[in-house]
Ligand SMILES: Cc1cc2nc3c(=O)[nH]c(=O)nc-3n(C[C@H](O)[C@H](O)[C@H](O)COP(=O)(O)OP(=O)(O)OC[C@H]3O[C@@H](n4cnc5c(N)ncnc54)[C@H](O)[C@@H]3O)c2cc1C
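One chain comes next, on its own, written as structure tokens: the form predicted on its own.
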């Protein structure tokens, strides 16, 4: 077969989890492994650079923090849906990740005594978010990229779009891809695959995600036979900049910022008197929407009513030192200076707690496939993620999956053959079918309708009636999708073709998310149903699994791993 590229380890995604995996695989094999890192963008343009506020780790065991406290905060924050063995592994691994990055040269913000600085973050009972000003993700990614270059054993496939995962006899065989710059169709064959392609936040219109984050890895894994876990749990970050949705980091509140309603009141004192602005994200998001619905918000454009995030009392020196990016964003996009004026914010789609089901080491049900970072659901975050635990998860399971897959590759004599019939079927689907579409439907209109539907009916608060409406609209969009029209028939930089493939993934993921949300008749973490307002541990302390079927997702469930803490009422 022509145009087959062979490597040992194939990594889909070049964000924090993907690069951490590549570095670890290189490290444990002393560079004696052939790695492919594939990104549909450019290296150092992954969405991980948008992570701002910090990375959680229990570093101060001599000063009041502990592994147990970090674990308890995470389990409680998850509304008791996190797997507690996973949480235990995570909290013990994280300090080493912080120190390892330090040795690799990251410019962590320091205290006056020279020790690594940490700031408070929501839901944490100790200030354990390690920071590099408010550009933490950028500096972490840059450090990993620089470290990977030292090994000289990774091929970077920039602007390559992956279209399917090739599986035969429940074993990974390869990926079908095309070069966005030339349109050439290729197969990348390998012994093992790590899916580290991020989440699915652009399902929503008002979102913090960059437009490249379209759930591609999730959609392909789902269609390849891997179940998606807990996809109904979508995190709304309390402080999305109105009207753009750009993330205004939780570090603003960690540094002492206040949330105020239109009356000027610090309303979080009413909803969470102990934690106030440093409560978990699901609680603050619900509180903000409650204030807005009660008429105590500010009128915003296109229904984006908002509250204020007030940093003015922090002073210019602190804002310029600790939150320089936030000041720059506010000036650039809203023509306001947070030193002098409050910031307009409201809850914004920010993170997928769910993802590809994995075991504690990131391995999936298909031999030779691992998943890490936001694309995976190892079930660290359960029903609600604590801020600063996400970049941390990428580092821990990037490292674990990189090490595990590298060992697997060393033990496997050669990459297995790819199934030629599946390769040809995929080539035909792309170039003979999809590219030649001459239907009447405008795919960009379908994408707008999908996002509008998710914003309107699958928000911070949900009801069964609204979710059923959403599912009906999603099924209608799914039925219309085969009738789309691709105006551009060329092979070079065909964004029509890329957008059509992305839309296919988003439709499948929307259907999974809403189907799981309809079935879960309780309120837990980020899944808040007005028609079922309480948590139901007897019936619903379990993980949702969605399996692909042509007619729609088939749901199944599995128990939550409880090792230490039984569920209690969640108060802050």
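Residue numbers count along the first chain shown, from 1. Small disclaimer: the values here were computed from a predicted structure and weren't measured.
Keep in mind that the form predicted in complex with the ligand is not shown, yet the notes after this line are about it.
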Contact assignment for the ligand in the predicted bound form, among 390, 279, 384, 379, heavy atom within 4.5 Å: 390
Heavy atom within 4.5 Å of the ligand in the predicted bound form - the one residue of 174, 402, 198, 362 that qualifies: 198
Contact segment among 58 to 66, 509 to 517, 542 to 550, 40 to 48, judged by heavy atoms lying within 4.5 Å of the ligand in the predicted bound form: 40 to 48
Candidate site 16, 216 and 373: all three near the ligand in the predicted bound form by heavy atom within 4.5 Å: yes
The ligand contact at residue 358 in the predicted bound form, heavy atom, 4.5 Å: no
Non-hydrogen atom contact residue 208 with the ligand in the predicted bound form at 4.5 angstroms: yes
Distance check, residue 457 to the ligand in the predicted bound form, heavy atom within 4.5 Å: no
4.5 Å heavy atom contact, residue 350 to the ligand in the predicted bound form: yes
Residues within stretch 235 to 252 having a non-hydrogen atom within 4.5 Å of the ligand in the predicted bound form: 247
